[in-house]
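As a starting point, one isolated chain is supplied in structure tokens, in the form predicted on its own.
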Amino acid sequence: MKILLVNPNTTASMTATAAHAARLVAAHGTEVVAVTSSMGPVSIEGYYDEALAIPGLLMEIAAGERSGAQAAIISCFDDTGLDAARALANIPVIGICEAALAAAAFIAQRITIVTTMERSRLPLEHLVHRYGMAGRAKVRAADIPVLSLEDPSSNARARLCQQMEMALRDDRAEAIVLGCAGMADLTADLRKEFGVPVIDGVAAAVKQAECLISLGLTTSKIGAYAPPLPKPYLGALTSFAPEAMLA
């Protein structure tokens, strides 16, 4: 199997963190090809960043499918550009928020997502509603910049742990979902420290991608995810015209 892992921000070190987490759980014979978007913000923290990360993401997914990828994973917990990517690609495209919540649903009734910035809380609450988990999942923000997760001198881990403690005490959470791909390398240690299931969406997405590939399932191309209609795109977006992207 060949799975494409796309980091829709432009920070290569975050791609490496997610790729390592993906390869730790990948089955024997699964190849994880990790790529970093070539355009857009260095981190995705809010609606503006998310919108401007989508073109680079779509370029990488189109290129990956042409190169033989059998499924793609969007390595951002906002599930950045997920619907657009599913309309563009024929292969399954998985968002790590949806993947993490789906995995959590099998093992816990009360779930708390702990994410980075407060500005990310509402977008994630919208995703929780979209994925049918509003009655079971809450969202907390540790108020830490995404890139601080890579700085050992920051207090990012301590803030994350503080929110996890509050989730277990106040939300009565039975499982914790890490709400950022940049947290993927903390999963094993946090499971040991807190003694509860801690779910990383990157790892969950890899196993779900393998499942879909094994079952021979691809994205439906009728209705919502029908291919984009051919039409001219102007200005800086000329190269994103559907016929060019799908060639």
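Treat the numbers as computed from the prediction; the structure is a model and nothing was measured. Note that residue numbering begins at 1 and tracks the sequence as displayed.
We do not show the form predicted together with a further copy of the same chain, though everything after this point is about it.
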query	finding
Within 4.5 Å of a further copy of the same chain in the predicted complex, all of 83, 118 and 231 (non-hydrogen atom)	yes
Among the candidates 34, 190, 184, 204, the residue which, in the predicted complex, approaches a further copy of the same chain to within 4.5 Å (heavy atoms)	204
Heavy atom of residue 102 within 4.5 Å of a further copy of the same chain in the predicted complex	yes
is_contact(residue 55, a further copy of the same chain) in the predicted complex, heavy atom dist at most 4.5 Å	yes
a further copy of the same chain contact at residue 64 in the predicted complex, heavy atom, 4.5 Å	no
Non-hydrogen atom contact residue 132 with a further copy of the same chain in the predicted complex at 4.5 angstroms	yes
a further copy of the same chain in the predicted complex - contacting residues of 154 to 174, heavy atom within 4.5 Å	168, 172, 173, 174
